[in-house]
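The chain below stands alone and is given as structure tokens, in the form predicted alone.
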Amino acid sequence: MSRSLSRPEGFQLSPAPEIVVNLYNKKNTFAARVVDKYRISHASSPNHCWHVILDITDSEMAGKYRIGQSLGVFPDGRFNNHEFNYVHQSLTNQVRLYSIASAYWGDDWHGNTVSLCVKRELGEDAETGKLVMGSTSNFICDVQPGDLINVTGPVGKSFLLPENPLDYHYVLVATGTGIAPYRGMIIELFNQGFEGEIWLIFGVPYSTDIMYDDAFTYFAEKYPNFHYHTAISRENRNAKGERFYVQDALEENQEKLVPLLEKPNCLMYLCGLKGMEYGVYPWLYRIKSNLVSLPEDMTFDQVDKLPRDAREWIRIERSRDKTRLLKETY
């Protein structure tokens, strides 16, 4: 595994490419060939998550995408069929976006591959009890080396590393497959001689759901300035005896995190399931972070007690420092 995390001896890294978007679109897709795939959640996990590596050698994207961007994928075969996928008919012929999980050098170090982190979406129809399979996620997780996937993109300009990435510190918070961009970010930073501080807080329901654990453990053992913490909500408890979420891991380490976040060159990234910010924002208010500001006519006590469907979250969201607190939730 470490072979794809550290550059080959003597390998000269290419500089980061300029930001480009939509080199391919729905009317002009690129057929990327599957190079490899491997499971990144534990075999016993009910969440089946895969790392899928695509060959983009002959595309305009080769060496031009940036970590923090996404690729669009079209499902094919039975997953793009109205009868088989009747619950998701609205998604037929629709592009689904997936965060890129590889550094811009790709897993091949030459920019000719791009990787995706994908979780199978499985459920039941509430009325019939029949199995419902997410169109694109199952299509991607079913592919085998040699298969073709039609992709679009890259998409996104707002969740990237800064132009001078080695000049910053980072606090990266993820839930679920929101971990994808952080894998590439960490590979990029440490392979360029990064000397600042990186904190990675990764939240999942069960320890078997932790993705890329071997990769992050490798970096944590190799670099003392990389701090890797997990928040296992269904297995651990916080100080109140409640489920342990990413905000609890932040609070446990706030003695070191507060002075770091006060630095103007410290960036915080949030990526994962929509709603994770409703736990992180109150913690930021509690430590009086300048990454967020209280909306007019609101107090911290009001924010701390807000239900997740409260309209006030819209105002709170607008109050964050969008240059230093970057968020991508879905």
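The structure displayed is predicted, hence computed values, not measured ones. Throughout, we count residues from 1 along the sequence that is shown.
What comes next is about the form predicted in complex with a small molecule, which is not displayed.
When contacts are defined as a non-hydrogen atom within 4.5 Å, none of A31, L71 and T152 contacts the small molecule in the predicted complex. In the predicted complex, the small molecule sits beyond 4.5 Å of every heavy atom of A180. Although the partner is absent from this view, Q254 stays clear of the small molecule in the predicted complex, with no non-hydrogen atom inside 4.5 angstroms. Not displayed here, the small molecule is kept clear of S137 by more than 4.5 Å at the level of heavy atoms in the predicted complex. Contact between K157 and the small molecule in the predicted complex is not found at the 4.5 Å heavy atom cutoff. Checking N238, N191, S233, N80 for any heavy atom within 4.5 Å of the small molecule in the predicted complex turns up a single hit: S233. Though the small molecule is absent from this view, in the predicted complex it lies within 4.5 Å of a heavy atom of just one residue from R120, R96, H229, R243, which is R243. Residues of just one listed stretch (58-66, 275-283, 262-270, 290-298) have heavy atoms within 4.5 Å of the small molecule in the predicted complex: 275-283.
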